[in-house]
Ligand code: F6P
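Only one chain is included here, represented as structure tokens and corresponding to the form predicted on its own.
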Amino acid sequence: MKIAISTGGGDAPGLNAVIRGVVLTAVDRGWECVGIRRGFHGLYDGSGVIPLGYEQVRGITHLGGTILGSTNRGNPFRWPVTDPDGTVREIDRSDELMAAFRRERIDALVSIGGDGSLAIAGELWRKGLNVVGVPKTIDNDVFCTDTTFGFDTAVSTATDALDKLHTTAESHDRVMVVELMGRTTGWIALHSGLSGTADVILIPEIPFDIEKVCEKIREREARGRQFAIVVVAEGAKSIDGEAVYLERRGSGTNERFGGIGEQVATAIAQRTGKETRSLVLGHLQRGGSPTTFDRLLALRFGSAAVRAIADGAFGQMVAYHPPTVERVPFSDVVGRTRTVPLDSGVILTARHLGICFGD
């Protein structure tokens, strides 16, 4: 058996641990492993297909990023090409990709990615490729799994930043607004905001009223607390507005959120007169060594993917349903987003601790 591994979409702490989990479990069975560089780009010309064995995955569990490289562009079903006149159009290169898999004599693919990569994996499976998916995203928004590797590390990074901001906010009697990643879900903002003792948490699942946010800040002032920490998920929106984008070219991965933190900071300053600063934590949330939890989950996912291949369980994704790693069909995952439930115990806890959600 010869299996290939690809990592697509944004990077996440724990990707290398998944790769190691796949390779060591496969080699233990006497199988051959190869890695595809930069998503599927390396397969088109064969220059990006590299052998993976004991030596190639030694000492990578604790490393952030991915030794295979990644990309969030290059969907084989919607591959962008530029015409001589500068016009950009999309073509279907999936047949060419399938031929490349046959040329490399690859028996099965482990596709490690988020919703976009898993959707592509599902389409390739329908075209006849043996595929098993591994969910990856710091946003924790992949459906049918309780959590994804990378999320715990991102929350830890964001919480550490909030801890540091408390001292400068209190020293200067400022309101500090921190914009965090998460796309259309508020998992990172909610978990880090609660852990980092934020006063306000704004998430996409709960449209906010800026006046309610300002009321919370004034309430703190009345109790002698002259500073406040406001956490804003990048996809948050007000009750009378919509999400804020840096770039929007259609939908899905073509959307780049950004700017809501600055908008909220400006509105707070105008309404309260408080000195207010905004900070975008950005890609720091993607970097660094994975936490112990993410390392363990990633290794379990990688090993479980190989076992799924051995069982012929193709067209499925490995998923974490504590305490076990199980399998779910792509059809149950693709096209669905795991949002924060409004009756979540974490939200309930935050409300009882006095955190404002702007509603």
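From 1 onward, residues are counted along the sequence shown. Keep in mind that this is a model prediction, so the values were computed, not measured.
There is another form of this protein, the form predicted together with the ligand, and it is not shown here; the text below is about that form.
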Report the stretch among 118-126, 134-142, 157-165, 214-222 that approaches the ligand in the model of the complex to within 4.5 Å, counting heavy atoms only. 134-142
Using heavy atoms and a 4.5 Å cut-off, decide whether 72, 182 and 283 all contact the ligand in the model of the complex. yes
Are any of the heavy atoms in residue 234 no more than 4.5 Å from a heavy atom of the ligand in the model of the complex? yes
